[in-house]
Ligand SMILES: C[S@@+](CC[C@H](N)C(=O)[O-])C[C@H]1O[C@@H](n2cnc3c(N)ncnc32)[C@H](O)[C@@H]1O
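A lone chain, given as structure tokens: the form predicted on its own.
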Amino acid sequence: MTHEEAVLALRAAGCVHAEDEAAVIWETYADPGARDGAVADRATGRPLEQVVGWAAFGRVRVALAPGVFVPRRRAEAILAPAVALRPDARVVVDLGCGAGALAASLAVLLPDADVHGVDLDEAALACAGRTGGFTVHHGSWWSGLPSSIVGRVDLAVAYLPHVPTSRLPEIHPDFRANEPALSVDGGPDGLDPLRAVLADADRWLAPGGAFVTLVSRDQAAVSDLEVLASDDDDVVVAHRRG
């Protein structure tokens, strides 16, 4: 299959950015057979990032595998405000790290920090281990972290599941069919994971420590958290321990 044939095949499968996707496949695979297989796999509806095994995020390349949550580029908005809030952070955690997009990025942006990522999804954690740059832990939110950092976390971040359950059908079908619902379902109003994290935040955060996440504009209006940055759709918010 030539590059032009791949573009036509991807376009016929409904890929809006067929030229860009073909370019990523060609960048990833030198073997013609592997390229043909990747085009066929993408044409089934599997997200491109899962097909090629990586996703670009900030200044890092995140390892991915089929069935693992694909990092959303919108979550990059968390990075700059979080680093600006605690540029001196020495202990950093990414709650629900998935394949490690935020954790790996913060390891680059805060090179002197001890960075930890925690997640329930074993497949995602295997990807996080390949992404590298931080210590990986299995568990639910704070409870998966080592007890040695209780009360010592200077900066915590998360791209939490925040889609209201009733709106899950609005997610693009490629992602809906190939990612765990747990990675996107935020409960009736989309804020259940945020409440769970905040409930135990002050026990884990150091004095002056902060937790930073991203919510929708409507959710920010009812979350009672400090607004760090916003655009038309998303708001970066923070909780600080006094």
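From 1 onward, residues are counted along the sequence shown. Predicted, not measured: the structure shown is a model, and the values here were computed from it.
FYI, the form predicted together with the ligand isn't displayed, but the following is about it.
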(message) Even though the partner isn't displayed, in the predicted complex is V150 close enough to the ligand, meaning a heavy atom within 4.5 Å?
(response) no
(message) Within 4.5 Å, heavy atoms only: does F211 come near the ligand in the predicted complex?
(response) no
(message) Residue-level contact is defined here as any heavy atom of the residue lying within 4.5 Å of the ligand in the predicted complex; does C97 satisfy this criterion?
(response) yes
(request) Answer for L85 alone: is it within 4.5 Å of the ligand in the predicted complex, judged on heavy atom distances? (result) no
(request) Tell me the stretch among 128-136, 106-114, 156-164, 85-93 that has any heavy atom within 4.5 angstroms of the ligand in the predicted complex. (result) 156-164
(request) Name the single residue among I171, A123, A77, L120 that comes within 4.5 Å of the ligand in the predicted complex, judging by heavy atoms. (result) L120
(request) Select from 138-158 the residues with a non-hydrogen atom within 4.5 Å of the ligand in the predicted complex and write them out in sequence order. (result) G139, S140, W141
